[in-house]
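Quick setup: the structure tokens below cover two forms of a single protein chain, split into structure 1 and structure 2.
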Structure 1
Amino acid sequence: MMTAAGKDRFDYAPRVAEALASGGAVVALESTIVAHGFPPPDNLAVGRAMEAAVAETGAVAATIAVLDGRVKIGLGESELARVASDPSLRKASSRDLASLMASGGSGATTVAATAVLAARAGIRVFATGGIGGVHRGATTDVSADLPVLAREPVAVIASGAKIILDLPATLEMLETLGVPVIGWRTDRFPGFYCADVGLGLAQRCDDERALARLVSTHLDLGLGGVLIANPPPPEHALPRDRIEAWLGRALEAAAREGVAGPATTPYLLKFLHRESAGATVACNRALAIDNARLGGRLARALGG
């Protein structure tokens, strides 16, 4: 359990506090996708559109970030604008939370950090674009998203894992960690911009009731979180061979420039955005909004 001192550092947006107190449906959203996932000014528009997509379902969106040492569960309009425009805002994973909170620092939270904070706030549903995983050719670079998902009782809705990763290894790792990967109306593992990367899934769900039952059963067993894999909207999905061609160049450039560690994911996404003349941005935006909408529907079906 978190100590009172830890909880004292949490600020809840009024609408989020109200929803949590009355057992209403709440969906957590991450801030790294806003700060580091899209070029400005698209990034602010995407953050707003994800919040709006949650609201349309009757659920309440809580975008999470650490600002000046305070954990923000739900951002006000000016706070979201700050996340979108402050170039000094670090990418904060779960390992960075204590240091930011203890020093009064600020950071945009990744999937791992957002899932930790959502769980502490009592939020069970979290929507994002694509999770991190095992990076290609570098088995020591494994996103903290995976072990956190295995530990924290949160349902993460994402379009699978990002295609920049070693996806077979990422799916294997999720299996090793005991994280159920549930295809939403699909039997295939989506790779972010791609509906199918040649990997099958053991579980699928086709309606919200069944999904809510499965999610609440896993969470109630105390087995950690689940990944709900929602393929990108068909009209925005990109063919795999085109992505792989862009990605080949992106990975080469990253190696040449010595990009490593937390800088890798933002670097590769930015490169793809440029290389694809914006096609990957449009797809990323569409899938993130669609995942937020499904998050809202799941939170509603969970009955709180």
Structure 2
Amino acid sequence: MMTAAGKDRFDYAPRVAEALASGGAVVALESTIVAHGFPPPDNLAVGRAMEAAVAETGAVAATIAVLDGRVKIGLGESELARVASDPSLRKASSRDLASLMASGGSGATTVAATAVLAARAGIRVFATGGIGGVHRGATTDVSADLPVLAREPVAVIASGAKIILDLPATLEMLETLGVPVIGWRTDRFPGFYCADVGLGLAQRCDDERALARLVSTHLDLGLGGVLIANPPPPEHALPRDRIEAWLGRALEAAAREGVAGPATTPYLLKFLHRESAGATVACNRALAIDNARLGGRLARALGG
């Protein structure tokens, strides 16, 4: 449980504070997708579009970041522009939050950090692009997103996990951690750009009310979070075999050039963008906005 001192480090945008106080529907959005997910000026446009997609449903968007040691639950226009334009803004996972807050630092929050802060702020729905997971060829290189999902009482809407990961191992790890993975109008696990990566799902929901009942029951039981797998919009989804072919070439190039560690993911994503002539970025944008819209609908169905 967060202490009073911890709560004093949180700044709520007026619209978010009002919605939370009145039991309104609020959707958390991460800021890393704006700071690091797209090149400028597309990144700011995507951030605005995701917030607008939430607003279209009647819910309130709360993009989350840490700025000058303060946790921002909902960003003003100038703050969102800062996140999009400041190259020094670091990518902050859950392990980095205390350091940033104690030192007065600034960071764009990842899935893990956003889920933690959303839960502390009393927000139950969080929409993003895709989650992290188990890296290919590694048994111990696992994203902090997975244990955080298991622990924090938040429903995370994403287009599965990024296809550059070991998706069977990621889905198995989610099962081990007790995280329900619910397909939104699908019984197949999406792989970010791909609607189906050959992995089935045990649970599926086809309407907001059924989804809200399932999510609220899980959260009320204190069982941690829920992952809602929403495939990319059909008009933007890419064929799995084509992505796998591009990814195979990307992995070979990364090995030749000695790319490793944290540099691997951005390298692979840039390679895919180049190989696809921009189709992967267009898909990323479309699915992020679609997930934000679904987040608003779920938040409304949950009753706030």
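Reference numbering: structure 1, starting with residue 1. Rigid core: the largest C-alpha set superposing within 1.5 Å between the two forms. Note that the coordinates shown come from a computational prediction; the quantities given were computed from them, not determined experimentally.
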For the form predicted on its own, pick structure 2
Kindly check if the Cα atom of A260 is displaced 2 angstroms or more between the two structures relative to the superposed rigid core. yes
